[in-house]
Structure formats: structure tokens, C-alpha cells
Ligand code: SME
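First comes one chain, alone, set out as C-alpha cells in the form predicted alone.
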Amino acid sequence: MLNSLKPEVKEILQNTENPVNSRMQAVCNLLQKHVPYYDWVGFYFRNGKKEELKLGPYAGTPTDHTIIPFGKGICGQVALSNKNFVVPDVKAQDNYIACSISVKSEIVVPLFVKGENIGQIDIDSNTVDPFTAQDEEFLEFITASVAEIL
């Protein structure tokens, strides 16, 4: 199912008639609508030179976590580690920032431009342990595709 979304993602991102943020918003909407266990989909980006992430386009319930310091929560840890982070059960994670009591699991994949980690895609799920290697590969495709337009 995930691979079947790739052509649509490419089409959205390559439509230069729309601003970059609109294209990224459309990708968030697409993923949240078509992947049943992607309950919240969003991008965070490094906030200028600050050691923090700032929320970009997202689809799902509004969050208070619009700024996340590096090292805090799953997103903040990925900002430092430069590695994918899959959390099968958020209750088992010490350094987790709860966005909603309904969130059970999370996956975060960094976004690199010219070798530099400039942001990430963050997916929250209301299902325990739904993410597989296929999700990681798919989200790496998403971040690489977004990197091409930044």
C-alpha cells in the first residue's frame, strides 16, 4: 500500500505551481488520509541557527509542541542522532513528549539536504507497534523527495 502512494507523492512535490509549504502540506494530508495508522503526520525543521525544531506543515490534531529543543522527545533526539527512531510503544520510552493521550507509537525519519540534517518527518499512531521496515523505507523516500524541492 505504501509504495502505491509514491507516484502521487512525486506528482505533488514536483508541481512547481504550488509553493513548497503547500506541497509539503498536501503530502501530509495524503499520508494521513491513506495510511490508516498514520494518525498525525508532520514536518519539523531546524529553527534557523537555534538548537531547536520548529513545526512545519502537518495533518492531524493541532499540537502545542510547535518548538522542540534538540535532545527532547523523539524528534529532538533524531535532530542529534541523525538516525531513524521507531517507538513501538511510547509508554516504554523515557524521553517522550506526549502530544496526545491517544498516541501509542511514533516514527521519526530525518530529512537531509546536502548531507545536513535540516528537519524530519514525524508520524504518530494511535496503534501500538504498527511501523515496519517498509514504513521506514517509505518515509526515507518521502524525506529524500522533499529534500529535492528544498
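The structure displayed is predicted, hence computed values, not measured ones. Residue numbers here begin at 1 and follow the sequence given.
One more form of this protein, predicted together with the ligand, exists but is not displayed; see below.
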Quiz item: Do W40 and the ligand come within 4.5 Å of each other in the predicted complex, heavy atoms counted?
Solution: yes
Quiz item: Any of the heavy atoms of I97 lying within 4.5 Å of the ligand in the predicted complex?
Solution: yes
Quiz item: Looking at the partner-bound form in the predicted complex, is C75 within 4.5 Å of the ligand by any heavy atom?
Solution: yes
Exercise. Look up in the predicted complex whether N29 has a non-hydrogen atom within 4.5 angstroms of the ligand, and give yes or no.
Key: no
Practice problem: Using heavy atoms only and a 4.5 Å cut-off, determine which of T63, N47, N84, N117 is in contact with the ligand in the predicted complex. | Solution: T63
Self-check item: Residues in 13-31 close to the ligand in the predicted complex, defined by a heavy atom within 4.5 Å, in order
Solution: none
